[in-house]
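Next up: just one chain, as structure tokens, the form predicted alone.
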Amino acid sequence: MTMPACRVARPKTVEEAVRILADSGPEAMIIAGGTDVVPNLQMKLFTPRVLVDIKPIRALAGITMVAGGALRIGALNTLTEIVDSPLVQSNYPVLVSAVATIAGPLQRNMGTLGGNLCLETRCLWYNQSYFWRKALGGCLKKEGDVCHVAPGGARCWAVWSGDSAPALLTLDAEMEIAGPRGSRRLPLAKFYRNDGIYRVALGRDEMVTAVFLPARTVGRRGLYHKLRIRDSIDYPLAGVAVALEVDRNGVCREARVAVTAVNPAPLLVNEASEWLVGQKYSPELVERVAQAAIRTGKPLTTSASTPVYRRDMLRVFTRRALEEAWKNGRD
């Protein structure tokens, strides 16, 4: 499969990149590591006129502590750099746990955090070759007008299949976004739209420049559990991230639970914080939160696994992650 013909632009600054995006409109596409973009171009899912290669922009890299004790991770930092960072390892174990599961070592060496947070949603009917899609008549997301997952509706159910996003949701992360009118901050929870087509709150003339983790989440214990067919390379079929703050007496002081690969967006399990804070561990409480994770996740037939199995694994992973995080999370 070959890529479509296009021009490659290599801006040296964020301002230059934004200007190219604004001038080119819908015919421009950003590329960095290329681990998601290149296969999609080969599948003819996109045919941009301009590829904006942002790798030369040095301001987009770096993992540093900033004013107020927050951690800034540049959009161009590779996934391997995040896993290997002493700052991340010592302060944000749930992020290391999640990022270390992404694809394989080669993809993590190339793939960037910004790219992983802006992945295309995936579906059995969408992520196919042009000839396969054409024979099917396309789908609601590409070249057609019917969602084969839910034919009676007008909504695309292609799923979000990233691993870093749920971990960052449990850390109350914020996105830094640059556009023609300057930079803005947006909570990661508001960045995703839970729509298979219009998946992120990012304008065509905007780009993600960094992720910020607030100081209040430093030391929050947690981990990530992931269901996939093979233990490397494959996208998640379901994933659960958990982050807790537990005091010396075993009382939960802060809690976040997030799910991925079972909705068009990664989502927080909203009941988790309300039910867990101020409580000590109990199997009944953990099972209650696990049931809330099932209600949050709505897996449909979008991947190579049954919805029933993926839903049940949400419960299992939530229970396991909470048990492990509670055990290891005491101050």
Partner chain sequence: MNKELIRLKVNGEVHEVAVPPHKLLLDVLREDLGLTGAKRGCDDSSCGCCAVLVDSVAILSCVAIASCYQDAEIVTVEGIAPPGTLDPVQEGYALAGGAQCGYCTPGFLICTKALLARHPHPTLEEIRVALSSNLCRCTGYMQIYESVQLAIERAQAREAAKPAPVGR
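Numbering follows the first chain given and starts at 1. These figures come from a predicted structure and were not determined experimentally.
Below: the form predicted in complex with the partner chain, not depicted.
Contact annotation: residue 33 falls within 4.5 Å of the partner chain in the predicted bound form, judged by heavy atom distances. The partner chain is not shown here, and in the predicted bound form it never comes within 4.5 Å of any heavy atom of residue 66.
In the predicted bound form, the partner chain lies within 4.5 Å of some heavy atom of residue 107. When the partner chain is considered in the predicted bound form, residue 327 lies well away from it, no heavy atom lying within 4.5 Å. Residues placing heavy atoms within 4.5 Å of the partner chain in the predicted bound form fall in a single listed stretch, namely 51 to 59, out of 280 to 288, 260 to 268, 296 to 304, 51 to 59. Site residues 1, 6 and 42 are all in contact with the partner chain in the predicted bound form, judged by any heavy atom within 4.5 Å.
Looking at 223 to 251, the residues that come within 4.5 Å of the partner chain in the predicted bound form, counting any heavy atom, are 230, 232, 233.
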